[in-house]
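Below sits a lone chain in structure tokens, taken as the form predicted on its own.
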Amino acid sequence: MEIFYTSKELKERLSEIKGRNEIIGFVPTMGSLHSGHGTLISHARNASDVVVLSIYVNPTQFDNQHDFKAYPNAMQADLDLARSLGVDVVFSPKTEDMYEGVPNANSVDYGALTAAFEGSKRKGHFDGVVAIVRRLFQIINPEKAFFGEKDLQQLAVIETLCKREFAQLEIVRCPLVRDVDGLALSSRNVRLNPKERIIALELNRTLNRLKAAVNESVEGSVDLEAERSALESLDDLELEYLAIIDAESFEEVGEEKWNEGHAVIAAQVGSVRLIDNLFMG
């Protein structure tokens, strides 16, 4: 496994690989890797000749600087896991290289896709996501890029970016991965204490109750407001949103189409912000 710390050195190496007409599969991460990332790497390994993994915590996609500073760092463990899963190339750049100076992100407007839910709750978040993903795509120029469905809205934003600017790049959707207790895997989960983790499981339980109710096909069986109220009554949990949406536009769908939509949820549990989603069909 090769490790590169500058875009110049990486591009020189990748130009050699492209000269052999090998398919490059790219997995972008912010490090602190878990088995969800491992699944992305495995998908990339199976579908590519060369797997490139980036490890970079992007400052411009954090609306909360405390969250940025508290983001876990486990570089040696990340490298060990990447090596064990067959990653060929790791890219771990510095901020001044990625942004060619002071980090900044231009405003992005993809309609409701960048304005609603995460876009509303985390001002500037998608500006930072688009800025860094665009830069990574420009540097690596992969044939395929692999993203998990846990960050469902982010995935839809990146797919829109590709349609507009990287038409030849295939975005591969990979299923959300859960821990044995049902909690959606996230690098932030390590910051939950045992009590908070129990509370956090209510997010997944709520999504599953909604899915069961939607599939009962009984008019009025789905009560989103009651589910919101139940979550809001919990100590140490601050609900940000709970809705059923179209996974491409991120516009809320009417009850007649709930079985075609995804339920999305975000909440603050203690000091940790969590998101989750589940297809209702």
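Just so it is clear, the model here is predicted, and its values are computed rather than measured. Throughout, we count residues from 1 along the sequence that is shown.
There is another form of this protein, the form predicted together with a small molecule, and it is not shown here; the text below is about that form.
- Interface membership of residue 145, defined by any non-hydrogen atom within 4.5 Å of the small molecule in the predicted complex, is ruled out.
- The small molecule is not shown here, and in the predicted complex it never comes within 4.5 Å of any heavy atom of residue 237.
- The small molecule is not drawn, but in the predicted complex it has no heavy atom within 4.5 Å of residue 42.
- Using a 4.5 angstroms threshold between heavy atoms, residue 29 counts as touching the small molecule in the predicted complex.
- Proximity to the small molecule in the predicted complex, taken as a non-hydrogen atom within 4.5 angstroms, holds for one residue of 129, 210, 87, 203, which is 129.
- Interface residue among 133, 184, 82, 152 relative to the small molecule in the predicted complex, by the heavy atom within 4.5 Å criterion: 133.
- Contact annotation: the small molecule lies within 4.5 Å of heavy atoms from the stretch 58 to 66 in the predicted complex, the single such stretch among 228 to 236, 242 to 250, 45 to 53, 58 to 66.
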